[in-house]
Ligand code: 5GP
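Quick heads-up: it's one chain on its own, the form predicted on its own, in structure tokens.
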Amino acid sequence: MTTPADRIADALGRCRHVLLLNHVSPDGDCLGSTLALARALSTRGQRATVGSADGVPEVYRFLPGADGIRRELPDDAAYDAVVFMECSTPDRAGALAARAAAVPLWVNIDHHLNNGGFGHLIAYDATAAAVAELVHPIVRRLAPGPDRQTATCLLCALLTDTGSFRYPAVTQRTLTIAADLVGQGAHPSEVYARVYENRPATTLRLLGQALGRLRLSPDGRVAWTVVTQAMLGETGAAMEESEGIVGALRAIAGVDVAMLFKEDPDGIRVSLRARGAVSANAIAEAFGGGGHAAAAGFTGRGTLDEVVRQTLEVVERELRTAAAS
């Protein structure tokens, strides 16, 4: 009996040129997975182009092939298939999504709860700890002996989306895949050091300012802070350096919901983390976003104060729902 991974690998293996699209504001799981799949195709002599409308955050530029990721695509390029990586809907690929309109084969690979089920071929599993768990068997079928660089990309994907294997979604499958990648030459200590122990001073200055603006609800169950354009100017940091701040808030004892509100030109981007019976994705979906029960996000419209107030109202409702269940 063939699996979705088998069908996707067989279809992509017959393509001359594959376009792989990351979601906006790509994380390590999305980037590592697209790069690994692109490398598997390239080793077979096929063309693979990886696109990211928002580019590549500095922290992930060490990944093999990251320097070849394109923010824009040539107008005359023709693709036999497009892979949407971790995109609940096609428009999650941002400005590059329009380039998929003329591509004959759409592949949807995702583990987020609110995936719309689009595409001709779908690999979807909301229980997967990282989308890399779904990409790994596809890569294995295309390139039975993936090289160290490919394994490094997938290990980065697993490590970052599982909180270094700390999150509840981690299963035996997650660790079995990680062991296979280590067997192919990937080194967890090297990946961890590049992602978490290689931050510029500006990142810590931004973290300090964000923690200085920490707010807690009266009962201590909700924590939130902000990153504004003014804070970026004062610290010299880029917005991508705010990654990790919301995780620091979730580490506070008694906090069930942690939130980071980021002031971007296109709106207020909100990162959510939750634990226990509270669902971060339920909060995000109220604003058109999505994600997982433990981690989700959305882009709010309005002023920073308005988005904070509206989000807190939904969080309070979700806390009551969780308490009643």
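For clarity, every value in this text was computed on a predicted model and none was experimentally measured. Numbering starts at 1 and runs along the sequence shown.
The following text describes the form predicted together with guanosine-5'-monophosphate, which does not appear among the structures shown.
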- Find the only residue in Ile69, Leu63, Met259, Ala295 having a heavy atom within 4.5 Å of guanosine-5'-monophosphate in the predicted complex. Ala295
- Here the chain is shown alone; which of Thr225, Thr235, Thr162, Ser88 has a heavy atom within 4.5 Å of guanosine-5'-monophosphate in the predicted complex? Ser88
- Task: Flag Asn114 as yes or no: does it have a non-hydrogen atom within 4.5 angstroms of any non-hydrogen atom of guanosine-5'-monophosphate in the predicted complex?
- Result: yes
- Item | guanosine-5'-monophosphate contact at Gly290 in the predicted complex, heavy atom, 4.5 Å | yes
- Task: Could you confirm whether Arg269 comes within 4.5 Å of guanosine-5'-monophosphate in the predicted complex, counting heavy atoms only?
- Result: yes
- Item | Contact flag, Arg99 vs guanosine-5'-monophosphate in the predicted complex, heavy atom cut 4.5 Å | no
- Picking from 106-114, 74-82, 213-221, 179-187, which part of the chain touches guanosine-5'-monophosphate in the predicted complex when contact means heavy atoms within 4.5 Å? 106-114
- Query: Within 222-237, which residues have a heavy atom closer than or equal to 4.5 Å from guanosine-5'-monophosphate in the predicted complex?
  - Reply: none
